[in-house]
Every structure is written in C-alpha cells, then in structure tokens.
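Form predicted alone, single chain, as structure tokens, below.
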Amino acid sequence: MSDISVIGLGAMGSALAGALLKSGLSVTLWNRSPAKAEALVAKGAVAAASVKDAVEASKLVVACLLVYDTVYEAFEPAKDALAGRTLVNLTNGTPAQAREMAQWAATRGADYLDGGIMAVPPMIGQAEALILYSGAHAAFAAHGKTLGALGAARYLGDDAGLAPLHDIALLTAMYGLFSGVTHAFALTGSEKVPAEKFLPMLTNWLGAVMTWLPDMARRIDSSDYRSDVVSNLEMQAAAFDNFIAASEGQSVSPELIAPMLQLIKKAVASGYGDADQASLVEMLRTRPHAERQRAAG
C-alpha cells in the first residue's frame, strides 16, 4: 500500500505528486498518458497500470484533472474500488459540481473532500501555497497532515461546495484587480510612460485602497450603506464618465472598466445614489435582500 495515490499528471498534478514524494511519502500514480509518470517514477513513485490499481493502492486518493466530467470519466472503471477510501478532488469547478460529486462518492462508500488550490505549480509544497478543503470533516482530520505536504491546508466546513466557492471568489477578486491594473498600464502607456516607472505609484495606491476593505466588509454584513458615506455613488458615477472619456481620448479601450460604470448607474437608478460603494453588492445579487434573510433564518 502507498500513503497516497495521485490521479492526473498535468502541470499541477505532477507538482502535487512531486511535493508528496519530497516530503517522504510513498506515492502511486496514474495518468492517461503513462509517459508523464516517468520523471516521478525515477524519484521513487510507483506507476499504476490502471485507475483501479491506483485507487486500490492507497486509502487516500487525490484527483487533479481538467474538469469534473474528466474525473467522472477517469474513475468510472474504479468506482467500485472507492469504498472505504477518501477521494480528494483538486480539480477546479463550481460549488454545485462539488456537492454533486460528494454525493456520487458517498453512494460508492467513499469520504469526499473538495479542494481549491490557491497557487501555481512552482509554489506547491511551499508554505506560500494555500489549499482550501471542504467536505467530510473526519476525512480531513485523518489526512490533514498528509495533505499539508502540498501547502498550507485550510478546512472550511463539511459542505463540499465551500472550497470551490472560496476558490472562485478569490480568483475573481484577482482578475478584477488585473483588469484595473491592465487598464491603468494601458492608459499611462498611451503617453509612453514605462510600466515599471508607473509601478511604484500604482502599488502604493493599491496598498492604500486595501485599507478600505474592512469597512466595506462591515457595511456589506450589516447592510449599512448610508452612514458616514465619504464618496457616494452619484458622485462616483459623474467621475466615472471622465474615466471613460479620458480613456477614449487616449485611444485606450474602456472595455475593462465600462461594466463598473454600468453597475454604478444601475445602483443610482435603483435609489442608491447616496450610498457607499459597498452597496454595489446588492446590484449583483439575483435574490432580494428580504428573500435572502428569510432563507437564512
């Protein structure tokens, strides 16, 4: 028996297996293309001839594949071998997909943990790598130390959908930041200002902006959007028109920032003109606040 089996040896799966080997664990591998296992076998891993063999080799099985459908497809020949084992799925997906797969695993007698990897492959195995887990608490309690070889392990709760929810929330925050930063570089670059010259000013400004987030979170949790407002949405809407005009005047497409203006204008039209920017979260929610409160209570 191995300590752990890894299914899927793409860039991330290979990094996971490599970190496990480096920590001194015995690892069994399976990949659709066997050649991808060769480098890891040279480091001490065992290549299984089939997914079923890989599952049977360990009580802890980690899957890291392209999409959830690929996970179902890969494990179809081994579904009867999952009983009594823990399946950890580190494939990127949605909360709904994670909950569905948790049920699928349960019907086959397996404990299930879903995971979200907040790292790129070179970071795996380092303290800076954060991996989110949710699902069967007993499974995380039993295997958390082993999973810690991959990076800092954070357990979020027994709802399997929580890890992908937080994963996607963090990634969308990152891409939102990249959108603004990309536009800023394009705008300054339109006057031949080197990106590296503009960077210190940009990072200092973004650092200051980050200090506003605790107040934003407080307002969202309490629905307090109108007390002590420094810059209300009606003022911001007027300023944002200048952002669009300035961009177009510099031959820079406003497509990355234009959706924010539309959202602000929607909020103003909905009666939030005097409210803080935190109130924009209400424009994104597809269920009214009162309905959400009833569902939660």
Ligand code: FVH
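Numbering starts at 1 and follows the sequence shown. From a predicted model like this one, the values you see are computed outputs, not experimental measurements.
What comes next is about the form predicted in complex with this ligand, which does not appear here.
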(message) Can you pick out, from 19, 275, 12, 280, the residue that has a heavy atom within 4.5 Å of this ligand in the model of the complex?
(response) 12
(request) Identify which of 117, 82, 88, 101 has a heavy atom within 4.5 Å of this ligand in the model of the complex; exactly one of them does. (result) 117
(message) Counting any heavy atom within 4.5 Å as contact, can you tell me which stretch out of 243-251, 267-275, 224-232, 58-66 lines this ligand in the model of the complex?
(response) 58-66
(message) Please tell me whether the candidate spot formed by 179, 183 and 196 is one where all three residues come within 4.5 Å of this ligand in the model of the complex (heavy atoms).
(response) no
(message) So in the model of the complex, is this ligand close enough to residue 188 to count as touching (4.5 Å, heavy atoms)?
(response) no
(request) Evaluate residue 31 for contact with this ligand in the model of the complex, applying a 4.5 angstroms cut-off between non-hydrogen atoms, and reply yes or no. (result) yes
(message) Taking this ligand as it sits in the model of the complex, is residue 52 in contact with it (heavy atom to heavy atom, 4.5 Å or less)?
(response) no
(message) Contact with this ligand in the model of the complex for residue 73, defined as at least one heavy atom pair within 4.5 Å: yes or no?
(response) yes
